[in-house]
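Take a look at this single chain in structure tokens; it is the form predicted alone.
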Amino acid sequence: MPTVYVNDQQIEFGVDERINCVQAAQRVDVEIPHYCWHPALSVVASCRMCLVEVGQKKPDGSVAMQPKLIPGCQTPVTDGMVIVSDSDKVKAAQQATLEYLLLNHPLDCPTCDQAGECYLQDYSYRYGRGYSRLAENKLLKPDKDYIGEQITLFTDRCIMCTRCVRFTREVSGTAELQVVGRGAREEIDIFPGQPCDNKLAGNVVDLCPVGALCSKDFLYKQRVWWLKTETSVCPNCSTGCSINVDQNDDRVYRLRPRGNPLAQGHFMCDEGRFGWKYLHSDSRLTTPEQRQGGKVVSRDWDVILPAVREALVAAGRDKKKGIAAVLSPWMTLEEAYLLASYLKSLSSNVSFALGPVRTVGEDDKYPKDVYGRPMEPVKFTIRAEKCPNCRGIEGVLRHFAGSVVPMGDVLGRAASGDFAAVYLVGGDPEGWITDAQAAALEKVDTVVVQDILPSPASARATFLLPGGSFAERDGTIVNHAGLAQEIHRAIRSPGEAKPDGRILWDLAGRRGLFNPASLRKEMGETIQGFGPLRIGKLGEYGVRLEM
């Protein structure tokens, strides 16, 4: 196989593989600092931070080095190439580059949102001189809060890496951002009257390696070193974007995309990025309730869960009526499996249905041309299907029920008095049941509703069980393409609400603590198409199911 040498470390790469010096160095944990390069964007080699020495190893073992430093981001590796990133010559170039980039940069790290995760800070510490020789006044440029509805630009912090400009041209295709001026007067700006408000605009904040582009939603809310991060999956559509959930004191402050080549790549849409505010809604269900005759008789989990179990067992013994369950596409695989398997253990006369799958318009594909039409190749898609786990829940339903039926079928039978008990799981923050649909529950003796927000169904519930949002649960989500990814609990549920998996684990009478990994192994052994889940831990990128 072709071989390249980075600081005397040997690396092999594929014959048809095309990588640059920065990527080759990453494979042996060698950092070649860079600002303008990003794996999902075109190469411009403008920041000059990644300058390295390059040579070629000859058959006799000697090495012929090129006389000049070259940008590592722009240089593809070839067989026998020698890359040196830690020589005195390279270090001097790095120090000079950083000194140039910092000439007019303001010393506002104490107030900058990027402080703590800023490439300028990190590289200055690792590769810089630690002092400036500039004797003149810094060139000050005005801030631009008109750049976009969700983003603001601190112009004097910008190092002109142009990542944001390339993103709006190459990924979103909307091209709102541009470079104006020349030389020391270069700035990022928008075309007049065309702010950067496309549905992917928030990604320019993540792309900015310094504190120039900031999110108005997060601005001055938290210092990043206070935040705790957990990996998860965006629940706002079936694309299944891998994300990081950043929180402090059990309050989410931001969601960030987590690069995943099997899912969405490096980015996420603004619908998902800013669509988590319902997590902290004042309307969240926080207390379990048991009702009789329209009055609340208990708000104690230790009383209510045994009562739910007793009511479901009694319903399972009813020879004339059956049990029905509505599994929400917002549930995890583990939750759906726990509920379905438990109800099946109580009675063979159990009817299952899929909760409403909210669909809005058509799939929105990027980049777009000047007429707003999607172009090939598609680099990002916002799915019309606005729920995270429809395909996974369908797999569970086919295993336990043989087919997938809509919620309306079960509610129609409930209105005819076919069921002694109905278990409904919600989770869609936009609502999943209407008053007219919920009226069908009036002829059911036991109605169990598990949800995060009030609904017409919760108002008619015999037992109301407050569950957790996606940020409060552990489990598995399957996207539109059959990619199964883990979500992890980042915050505690408000009040006495509990993660859905814990509720159903306890309801089913399972011993110990809720364990998603063991349930994944069990599902992999039990459900056809879920075989890859047998590994338990799905890794950083997840696994594709054989569905």
Partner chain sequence: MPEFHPVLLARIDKPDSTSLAGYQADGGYAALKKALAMSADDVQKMVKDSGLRGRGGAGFSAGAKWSFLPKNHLGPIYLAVNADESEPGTFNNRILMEEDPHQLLEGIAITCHAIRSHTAYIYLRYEYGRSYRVLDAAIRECYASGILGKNILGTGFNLDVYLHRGAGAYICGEETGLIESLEGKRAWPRIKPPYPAIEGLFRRPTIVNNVETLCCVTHIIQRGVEWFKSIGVPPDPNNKRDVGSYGPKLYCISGHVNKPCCVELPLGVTARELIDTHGGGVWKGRKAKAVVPGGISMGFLSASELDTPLDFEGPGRAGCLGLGTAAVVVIDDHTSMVDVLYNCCRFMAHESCGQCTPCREGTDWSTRILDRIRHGKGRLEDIDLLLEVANSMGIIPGTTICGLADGAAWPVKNALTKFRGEFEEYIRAGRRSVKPADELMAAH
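Please read these numbers as outputs of a predicted model, since none were measured by experiment. Positions refer to the first chain, counted from 1.
This protein has a second form, the form predicted in complex with the partner chain, left out of what is shown; the following refers to that one.
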{"item": "is_contact(residue 377, the partner chain) in the model of the complex, heavy atom dist at most 4.5 Å", "value": "no"}
{"item": "Contact flag, residue 320 vs the partner chain in the model of the complex, heavy atom cut 4.5 Å", "value": "no"}
{"item": "Contact test in the model of the complex: residue 439 vs the partner chain, heavy atoms, 4.5 Å", "value": "no"}
{"item": "4.5 angstroms heavy atom contact with the partner chain in the model of the complex for residue 370", "value": "no"}
{"item": "All of 7, 40 and 87 with a heavy atom within 4.5 Å of the partner chain in the model of the complex", "value": "no"}
{"item": "Of 134, 296, 107, 459, the one that lies within 4.5 Å of the partner chain in the model of the complex (heavy atoms)", "value": "134"}
{"item": "Candidate from 517, 491, 30, 69 lying within 4.5 Å of the partner chain in the model of the complex - any heavy atom", "value": "69"}
{"item": "The partner chain in the model of the complex: contacting segment from 352-360, 173-181, 309-317, 285-293, heavy atom within 4.5 Å", "value": "173-181"}
{"item": "Members of 28-61 lying within 4.5 angstroms of the partner chain, judged by heavy atom, in the model of the complex", "value": "43, 44, 45, 46, 47, 48, 51"}
